[in-house]
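The chain below stands alone and is given as structure tokens, in the form predicted alone.
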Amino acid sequence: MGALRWGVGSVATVAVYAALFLYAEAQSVVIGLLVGAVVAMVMASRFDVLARVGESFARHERALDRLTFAACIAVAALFHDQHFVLLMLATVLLYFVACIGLNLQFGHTGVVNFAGAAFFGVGAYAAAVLSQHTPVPHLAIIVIAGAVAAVIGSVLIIPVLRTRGHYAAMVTIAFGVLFKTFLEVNDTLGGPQGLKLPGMSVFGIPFNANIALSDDAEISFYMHYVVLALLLAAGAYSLSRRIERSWIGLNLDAVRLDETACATFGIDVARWKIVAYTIGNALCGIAGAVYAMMTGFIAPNNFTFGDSLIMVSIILLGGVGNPRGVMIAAAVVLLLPEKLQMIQEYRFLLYAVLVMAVLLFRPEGLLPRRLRAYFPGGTS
């Protein structure tokens, strides 16, 4: 029970801090909260608090994961009538889903993908076309959008398999640039002006209508998207953890560590790269589809190479291979420029500084992935 208390305390502390940070509007208060967080992290690291929290999560993972899910619901409920805060929460959760997919590729298999925003955009445009021109239910559109992203990714994996290292990275960068250019010159898909989308409707419930509690009280319509994004995030996290603990995850880790040794012992390197690439791109496409229907408008400038770098910076900052770190990093990278209005125009500079700082002072990320210990019938 002593170990469990450390985990419960950390979840409660982060939830309270997140609520205060989202509620703060004055720039001085926001800066003060940021300074306080940095000081708290330094002190926690010095007095071995982070190690105890990590041990608590390792021993009581399921209970603390459920508590984290409940904490997210509580924070969302606290801001139930604030459109912008709920929009940002839903955006963070959807980016978390997409980055879980990239984390499977990069963190587990070692496949570099700098086209995350492009696959995010594939899902978004697939949702736009299907919602405008077909009677397919919106929940089915989300699944189809993920499948479309996976299929297109299966074509890109061919040159990726034939290259390694920075050459493979260049292939994905080229795809991202080509995707944006294709959207800009394709008038069928709206060209540079983009496309409008209708709001989601699930089982007859319009997601773009506020939820009336009484004559003078209502819940923001973005709460629908927060709940949906939270369910997707929970599903993506669960899928990632199950893959990591299975024999599939064992093969993926082996491919990442040494492809030559894998081939020597009969492990099909190409097969497992294709598996990771397909699942990862499908998650990006699913997140992009929901994001497109939530915002109601998409354009080529929403899916640039810079947006792909944001996703990569989230993975590096959180800790390569650790889905919990990805969640924290997504919140930091996406919310910080919105709360600090003075740096909104310099957000890409902020991301660059964050990445360089992480690589220099904490290359394993905020929450490093624990060493894998694999035994039959055990956990990793």
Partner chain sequence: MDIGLAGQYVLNGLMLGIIYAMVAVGFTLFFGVLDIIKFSHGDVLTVGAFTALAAYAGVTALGLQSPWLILGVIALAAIAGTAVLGALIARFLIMPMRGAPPINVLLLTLMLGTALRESVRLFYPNGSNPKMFPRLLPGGAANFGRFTLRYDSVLIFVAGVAVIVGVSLLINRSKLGLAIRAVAQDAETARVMGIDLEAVVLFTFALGSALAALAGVMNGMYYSEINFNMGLLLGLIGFSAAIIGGLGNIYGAILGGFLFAALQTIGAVLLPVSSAYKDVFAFAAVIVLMAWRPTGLIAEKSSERV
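All of these numbers come straight from a predicted model, not from anything done at the bench. Positions refer to the first chain, counted from 1.
If you look for the form predicted together with its partner chain, you will not find it shown, but the lines that follow are about it.
Peer 1: Would you check whether its partner chain, in the predicted bound form, lies within 4.5 angstroms of a non-hydrogen atom from each of V202, Y222 and V332?
Peer 2: Checking in the predicted bound form: none of V202, Y222 and V332 is within 4.5 Å of its partner chain.
Peer 1: With heavy atoms only and a cut-off of 4.5 Å, decide whether M356 touches its partner chain in the predicted bound form.
Peer 2: Yes, M356 is a contact residue.
Peer 1: Give a yes/no on whether T260 approaches its partner chain to within 4.5 Å in the predicted bound form, heavy atoms considered.
Peer 2: Residue-level check for T260: yes, a contact with its partner chain.
Peer 1: My question is simply whether P363 lines the interface with its partner chain in the predicted bound form - judged by any non-hydrogen atom within 4.5 Å.
Peer 2: P363: contacts its partner chain in the predicted bound form.
Peer 1: Wondering, does Y167 line up within 4.5 Å of its partner chain in the predicted bound form on heavy atoms?
Peer 2: Answer yes; at least one heavy atom of Y167 falls within 4.5 Å of its partner chain in the predicted bound form.
Peer 1: With its partner chain left out of view, choose which of L89, M293, V112, V148 has a non-hydrogen atom within 4.5 angstroms of it in the predicted bound form.
Peer 2: Flagged contact: V112.
Peer 1: What is the one choice in I152, V227, I274, V177 with a heavy atom within 4.5 Å of its partner chain in the predicted bound form?
Peer 2: If I apply the 4.5 Å criterion carefully, the residue I get is V177.
Peer 1: Using a 4.5 Å heavy atom cut-off, which of 203-211, 228-236, 139-147, 156-164 contacts its partner chain in the predicted bound form?
Peer 2: In short, 156-164.
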